[in-house]
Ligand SMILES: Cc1cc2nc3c(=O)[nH]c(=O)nc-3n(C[C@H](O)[C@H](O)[C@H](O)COP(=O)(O)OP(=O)(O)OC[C@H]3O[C@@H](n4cnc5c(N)ncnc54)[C@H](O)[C@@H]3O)c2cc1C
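The chain that follows stands alone, in the form predicted alone, written as structure tokens.
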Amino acid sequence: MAELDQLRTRVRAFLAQEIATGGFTPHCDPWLIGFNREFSLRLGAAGLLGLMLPTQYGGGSGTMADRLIVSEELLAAGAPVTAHWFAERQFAPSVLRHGTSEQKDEWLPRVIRGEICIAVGLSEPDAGSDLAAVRTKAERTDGGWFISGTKIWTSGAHLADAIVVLARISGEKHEGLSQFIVRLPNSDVSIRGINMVSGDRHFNEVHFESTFVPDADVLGEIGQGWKQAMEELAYERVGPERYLSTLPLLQELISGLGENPESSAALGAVLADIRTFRTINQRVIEHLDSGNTAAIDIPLLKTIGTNFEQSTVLTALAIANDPSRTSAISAKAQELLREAQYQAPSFSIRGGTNEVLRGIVSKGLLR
């Protein structure tokens, strides 16, 4: 426990220095919209990335709990973590578990240094969260594979150095799927932006036109893509991003409230929920640390966590309009509130819709 407290102190000191020197501007939902390569590089140089990865690659050989500490502090501060988030959260554990020695030597040190941005190619048009309906195909050729098909709602693909593609080589549903690392930019990969209502671009439609992938960039065993993708989704569906994305906004809004604000009950309920989610999250992290990526707690946390995130936006509006405020909300709070309102609809979709996740929970309970 003392080691974790020391780690938290280190992260807070790093963030205090960043804020003091203008290193970043806080955002709501910073793991999706806070893209800043330079910040990720500084975080890596400070030894705060890849803490759960082996020391032979430059990591800390720690546990998921170490990463949880760092993630909590980064999200609470609204730090821009998008550039390394997907690479560290799900790509690196997958490479460590299923990659070749050459892939580990190439990718893991770069993830730990905060050098690379990885996109995740799962969702497809007409399939949505039904990943078993994947139609993107991989066909064998000399020395590798040709990938053809389209992925959609791909976060940060236009900024990424590579995209991990789930493609079908044979069979139906869960059978015959494999994962491929497609390096970007690539002349045989078209990336078209999907703008948010705000006009910002975070999502993309990615089209593969007979894109060649050498055998060296096949991730894991051919035909085991479904199992690997489900493991990665387990890492995606948990974590403090499911209940801390709007914390920077709430912290900013608290400033200017009187001693007995009318919104105190709603604010207290939010803080109590965050404490509960932290407790559940810590238990889920123990599952992941032990290799259990199929625990029911994982989709359950994602479902109730994203519902909570959406409801906090309504709470934030109540706090912003609290008549007992002693001062109007700041310009910074107004900007964060705008961001949170734009981002809120997507909270319950990414990583699997609530409907799909409830189905997973139901099946788990019936086993």
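For every residue, the number given is its place in the sequence shown, counted from 1. From a predicted model like this one, the values you see are computed outputs, not experimental measurements.
Beyond what is shown, the protein has a form predicted together with the named molecule; the following relates to that form.
For the candidate spot formed by F14, L43 and V81, no residue has a non-hydrogen atom within 4.5 angstroms of the named molecule in the predicted bound form. In short, of 99-107, 248-256, 150-158, 215-223 it is 150-158 that has heavy atoms within 4.5 Å of the named molecule in the predicted bound form. This chain appears without its partner; in the predicted bound form, the one residue of S123, N281, S94, S263 with a heavy atom within 4.5 Å of the named molecule is S123. Think of it this way: in the predicted bound form, the named molecule has a heavy atom of just one of F203, F277, Y235, W145 within 4.5 Å, and the residue is F203.
Interface residue remark: I19 is not counted as part of the site for the named molecule in the predicted bound form, having no heavy atom within 4.5 Å. Contact annotation: T353 falls within 4.5 Å of the named molecule in the predicted bound form, judged by heavy atom distances. Shown alone here, L68 lies farther than 4.5 Å from the named molecule in the predicted bound form, counting heavy atoms only.
Not displayed here, the named molecule is kept clear of V313 by more than 4.5 Å at the level of heavy atoms in the predicted bound form. In the predicted bound form, the named molecule lies within 4.5 angstroms of at least one heavy atom of each of the following residues of 322-350: S346, I349, R350, in sequence order.
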